[in-house]
Ligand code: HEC
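Only one chain is shown below, in structure tokens, and it's the form predicted on its own.
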């Protein structure tokens, strides 16, 4: 018999197991279906129980084959296996009782039915845990609910990263290879679910290997099964991790190869192993800070958004969980100063304001000055001259100011000097750009971009959303 037959039969277990489940539930429903003359259904009940028994034993056989072929630890599957056999035996007993008494109302039959339903439920639950993990049903619940009912929150592993300033001192295995294995391999090769009897959660278990032997070959490290499986084509049956699981990125695989090539040391650092910075630079921790202020604001009612959008404003949230907003007049190019007064209810929420191409004038600056969380202000192609720009010094979070093709001159821009947060001003094709004085601009507390740049016109600039 070809060697692949038994593994193939075993892998049908998750499919076949649904047959006895369906037949058993069908038989139990018929047994307790509210009819005066229940004997009319007796032949159907007996046939359903017979099919339940046959398919239950077949499911047990395929399950045992799967266990032997796939390398599950017995501790992992023992309860599911024992209860599966108990379910099949109970099903057989119930079939024989119904056949003996030619009735479904005997007390022994009621007890057998209860035992069968209970064992079927528990067996199915344990089987589901093996297939999807113990937290399959509970992991979607809020953490507070999980903790209340005593469910252990599954350990999560963050994507591998490393400190750019101290990467050479990082231990190659403990701080690089093991985190990569945790992220990509641990779900199938841990203490509870050791596929192929292989555990990849520690140095000791990695060296021990699995049922097919060692996975690291010290004399020929690049021939190690640990990496050979990863390098197989994704659709190859021996490729690891399985294609439906998270796959390591190319740089992660390259680091494991480098570790093997460097002698599979468990004590050396990256620097001692002679690793190039290019191999690890993509994993350097990026200390990125948001330009937007961290604020606590009450959620806005949807009616507020609907009313403002109805007037022509384009409004969007920066994120689902972040209260700050981007407001634009891209759909409202004829907007004037008085139109913006309707933004009063959301002034504290506006962090990006784009009034480009609108009809606003300097009289709108006092209203903008009330936007305490404003970070980016765009006044491109407006009639703004900046006569009262000193008001914007009250916008303590303002970082960028866009004035391309506006009417701002050097003197008015100077009113923003010593602004507490302003970093950059874009003033292409403005009076300021025409009367450029580099030395004067250097005296300002922020950088000014004027140059000879011509802002290109894109189709999206006038697209309505």
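Numbering follows the first chain given and starts at 1. Treat the numbers as computed from the prediction; the structure is a model and nothing was measured.
Separately, the form predicted together with heme C exists; it is not shown, and the next lines address it.
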Exercise. Mind telling me which stretch in 357-365, 218-226, 262-270, 328-336 gets its heavy atoms within 4.5 Å of heme C in the model of the complex?
Key: 218-226
Quiz item: Is residue 124 a contact residue for heme C in the model of the complex, using a 4.5 Å heavy atom cut-off?
Solution: no
Quiz item: Just to confirm, residue 211 within 4.5 Å of heme C in the model of the complex by heavy atoms?
Solution: yes
Quiz item: Using 4.5 Å between non-hydrogen atoms, is residue 200 touching heme C in the model of the complex?
Solution: yes
Self-check item: 4.5 angstroms heavy atom contact with heme C in the model of the complex for residue 378
Solution: no
Quiz item: Which pick from 293, 323, 242, 394 sits with a heavy atom within 4.5 Å of heme C in the model of the complex?
Solution: 242
Self-check item: Proximity to heme C in the model of the complex, single hit among 230, 315, 85, 257 (heavy atom within 4.5 Å)
Solution: 230
